[in-house]
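Single chain ahead, written as structure tokens, the form predicted on its own.
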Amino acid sequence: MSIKVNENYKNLAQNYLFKTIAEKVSAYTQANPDKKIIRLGIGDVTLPLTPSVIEAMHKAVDEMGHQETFKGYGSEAGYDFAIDAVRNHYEKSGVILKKNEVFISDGAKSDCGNITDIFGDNEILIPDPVYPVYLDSNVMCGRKVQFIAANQENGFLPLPDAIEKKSYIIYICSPNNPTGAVYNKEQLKQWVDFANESESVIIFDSAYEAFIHGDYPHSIFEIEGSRTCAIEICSLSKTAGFTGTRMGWTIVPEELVCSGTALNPMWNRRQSTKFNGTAYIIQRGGQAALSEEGFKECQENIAYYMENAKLIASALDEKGIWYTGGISSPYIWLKCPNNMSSWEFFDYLLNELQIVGTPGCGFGPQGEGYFRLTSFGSREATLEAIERMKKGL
């Protein structure tokens, strides 16, 4: 008898969105080796790690070279110094966390996919469009997924008004990837109240909280009642340029109970079994990034990226192309010109202007006809891309 495989994988799209983009770009580059490609697609940073982070990591490397300061296995949940750095970061927003509620990880993507391990066969509620990992990780588990439309009519911020009041696992991303939309406190309170009343759990992805401009909540735990219905996942990938360095965290409050079972010890058990913890050197870098001086350096890098976003937005204004985002997120979400589909516009930008972006349909059906550009390129590359768009759009 043959070994059985997880048949749910057959229900996934053939390729992960960004793998498909990479293959298309690779094919074009091979056919046109003389063309200079400008990449404004995948949300990868281009500025180097900040001085505080580098100094801390160098020191940690030196420690690993001496018997008396060498570190082997650490706690799967993270070293106390890293956990305290996260707690101090949240305290600035008025959020008080206990040590055992913070779990250091290797990034938000991992935790967004792994958090499903502690849940049974629940119905999933996912905004459309949104980060593909939410959908794919639940399809892999064979769960039923319901989409809630995020569109121009609701400002890409759907609310629970018309949703049947029953238990769901609800994914919320604010600031949203890909649209850049941000929930205010009143809107998040509606979701928290709905979750508590329906005995649902919110998975709140705050990976872009450091980009928020204005009076918006940086954490779901700023909202009254959230500790009994929410898990928060965050990351230093974009905040501190850790896309290749890898550190994030998940917060599971002690009060969060489902079917009589507390989720905090369940997540602790899952991590203890399947994860050996984030490297000591990386956690020292993360601690430095969240320090007063380190976070100031991070904000300087964020300001650089947001100036890129402002420049892209200005070019789109000049061309009369509708867009949103770019104020509290590093993404510009635009409507494809001339009624082009998302992939048609992708092909046009690649073949005619040698610019790479991300088709909106890759984030969900509601994303069809839209397109995402990122502000993570260098200033020089961004300005060159803008000049190409001004001439070619």
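Quick caveat, the model's predicted, so the values are computed rather than measured. Residue numbers run from 1 along the displayed sequence.
Omitted from view is the form predicted in complex with a small molecule, to which the following refers.
Using a 4.5 Å heavy atom cutoff, none of Ile115, Glu232 and Arg270 lies near the small molecule in the predicted bound form.
Here the chain stands alone, but in the predicted bound form its contact with the small molecule, taken as any heavy atom within 4.5 Å, falls in 106-114 among 307-315, 106-114, 261-269, 179-187. Screening Phe221, Phe156, Tyr208, Tyr171 for any heavy atom within 4.5 Å of the small molecule in the predicted bound form leaves a single hit, Tyr208. For the options Arg246, Arg87, Arg227, Arg143, the residue carrying a heavy atom within 4.5 angstroms of the small molecule in the predicted bound form is Arg246. In the predicted bound form, none of the heavy atoms of Trp191 sits within 4.5 Å of a heavy atom of the small molecule. When contacts are judged by a 4.5 Å heavy atom cut-off, Arg284 does not count as touching the small molecule in the predicted bound form. Taking the partner from elsewhere, Asn122 is found to have every heavy atom lying beyond 4.5 Å of the small molecule in the predicted bound form. Under a 4.5 angstroms non-hydrogen atom cutoff, the small molecule in the predicted bound form has Ser237 among its neighbouring residues.
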